[in-house]
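Coming up is one lone chain in structure tokens, specifically the form predicted alone.
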Amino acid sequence: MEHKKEQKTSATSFSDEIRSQLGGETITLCYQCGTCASSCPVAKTTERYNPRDIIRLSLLGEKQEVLSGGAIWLCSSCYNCQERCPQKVEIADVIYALRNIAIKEGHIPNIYSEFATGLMNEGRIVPTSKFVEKKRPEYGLPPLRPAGLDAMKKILAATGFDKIQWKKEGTP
């Protein structure tokens, strides 16, 4: 009895947390019809991603499973789910809200933390190698312009992006 009460409190607090995030406001409107999953191109290619399951687990309070499971990072942001949802659940936006919570709690795939580090240090997600710079003229491409690191740093500071502690996945 006490365990069920704790589960309900946990479910309520996690769904409240999601609803308090920009984009997460509509999650509790979901009644699990599955329209999102049936219209999702990613769900058609992998069993690792199912928006209906992510929302169900979120509403059940399975916070750690949702945030650390990795599925939330597979959404392609095509918005098919959101456009077809009969309950007007903003599913893609809910996924963004979940990603934001995951980042705040240190659950971010290594590739995204590497992209963030590249942005903050070089102004580009992927550094440009000397080899690529040398090959560009051979393909008729102009030299790359500087990334504008100062402007990038101002943008990252204005959005708070520079204050996020990037933890490597699997580290405490």
Partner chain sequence: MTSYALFLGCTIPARQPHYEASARKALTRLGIGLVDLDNMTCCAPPPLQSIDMETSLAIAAHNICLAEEADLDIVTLCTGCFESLAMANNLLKENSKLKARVNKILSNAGEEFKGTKEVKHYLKVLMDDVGLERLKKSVVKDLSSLKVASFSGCHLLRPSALLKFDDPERPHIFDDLIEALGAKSIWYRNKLKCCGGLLRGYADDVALAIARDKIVNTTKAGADCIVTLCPFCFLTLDLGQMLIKSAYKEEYNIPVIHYAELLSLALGIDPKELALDFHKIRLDKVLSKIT
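Numbering follows the first chain given and starts at 1. We call the rigid core whatever largest set of C-alpha positions still superposes within 1.5 Å between the two forms. Bear in mind that the values here come from a model prediction, so they are computed numbers and not experimental data.
A second form of this protein, the form predicted together with the partner chain, is not displayed here; the remarks below concern that form.
Not displayed here, the partner chain is kept clear of L60 by more than 4.5 Å at the level of heavy atoms in the model of the complex.
Of the heavy atoms in K154, some are within 4.5 Å of the partner chain in the model of the complex. By the criterion of a heavy atom within 4.5 Å, L119 is counted among the residues contacting the partner chain in the model of the complex.
Although the partner is absent here, T159 is a contact residue: one of its heavy atoms lies within 4.5 angstroms of the partner chain in the model of the complex. Using a 4.5 Å cut-off on any heavy atom, the residues of 112-135 that reach the partner chain in the model of the complex are, in sequence order, Y112, F115, A116, L119, G123, R124, I125, V126, P127, T128, S129, F131, V132. The rigid-core alignment places the CA of G118 2 Å or more apart between this form and the one not shown. In the core-superposed comparison between this form and the one not shown, the C-alpha atom of A158 has shifted by at least 2 angstroms.
When the rigid core is held fixed, the Cα atom of A147 travels 2 angstroms or more between this form and the one not shown.
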